[in-house]
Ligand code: PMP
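Here you get one chain, nothing else, as structure tokens; it is the form predicted alone.
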């Protein structure tokens, strides 16, 4: 019998799914890691569990304690699920530019959600810094600190990377991934590069972030413009991303991403979030660059149900100057 014991054991071991249109357009086999099938609905369940487990193991998190985090939503959702399963309280700081659906899910899970104004990381009122200060003010609390807590990266080195290698029988030619904390691309690339040094690792970035420029020039300078994508892009190099073995980077515009998620919906029946749209755009471009016959893996980060009032609202898109394509 293949039985998993509770929420924690349901995390990971997600399948690879062939993306038909992108594969046919590129002449490559483009595979998506179905992270939306994690029990909390996103790739962030992995990091959430590894970081909480590390806090338990170190003794920083005691029974009945409180877990605090600053998050754009998906990490917080994973944390809130695990806190329910493990008997912890949960406090989440979230910037006010995220979808209302994420806030509602967190509240339903019992989290104390504190939505704060969106300001740069350099501002002391940034949501991450507020979360850290609040955790320090309580004797029973731990700050998860997903951006600089390298248990995040370890989650993908120990689980996601090995799964991709096993599921492709070691025949993967490129791994392509958008980046927020950097944990996914850093952990997966570390594992895959140890087994196949010539694998291409490609970072995908949104407009208004500094990561494309960092990979391309070595300097983390912000690109011009802003993006509607949630949970990806960064103005700094986190401890998780630092030292990651990345070969090159691509930038994906909001309109390219929107066109892709609506195409996936219309043609293949998938309802994905914005980061997945960026990933599939990037995988398609990498396939065209490498040429036919290659096998490319990317991440299907989460479903689109949390974006009904934004990405999947045509009036909202039009107000941003975007269209479904």
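Small disclaimer: the values here were computed from a predicted structure and weren't measured. Positions refer to the first chain, counted from 1.
The next section is about a form of this same protein that is not shown, the form predicted together with this ligand.
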Next item on the list: With heavy atoms only and a cut-off of 4.5 Å, decide whether residue 182 touches this ligand in the model of the complex.
Entry: yes
Notebook entry, point to check: Is residue 254 one of the residues lying within 4.5 Å of this ligand in the model of the complex, judged by heavy atom distances?
Noted result: no
Notebook entry, point to check: Is there any non-hydrogen atom of residue 207 lying within 4.5 Å of this ligand in the model of the complex?
Noted result: no
Notebook entry, point to check: With a 4.5 Å heavy atom cut-off, would you call residue 192 a contact of this ligand in the model of the complex?
Noted result: no
Item checked: in the model of the complex, the residue from 90, 232, 131, 176 that sits within 4.5 Å of this ligand by heavy atoms -> 232
Notebook entry, point to check: Only one of 111-119, 199-207, 246-254, 224-232 gets a heavy atom within 4.5 Å of this ligand in the model of the complex; which is it?
Noted result: 224-232
Note to self: Counting only non-hydrogen atoms and a 4.5 Å threshold, tell me whether 44, 74 and 275 all contact this ligand in the model of the complex.
What the structure shows: yes
Item checked: Heavy atom within 4.5 Å of this ligand in the model of the complex - qualifying residues of 288-305 -> 301, 302
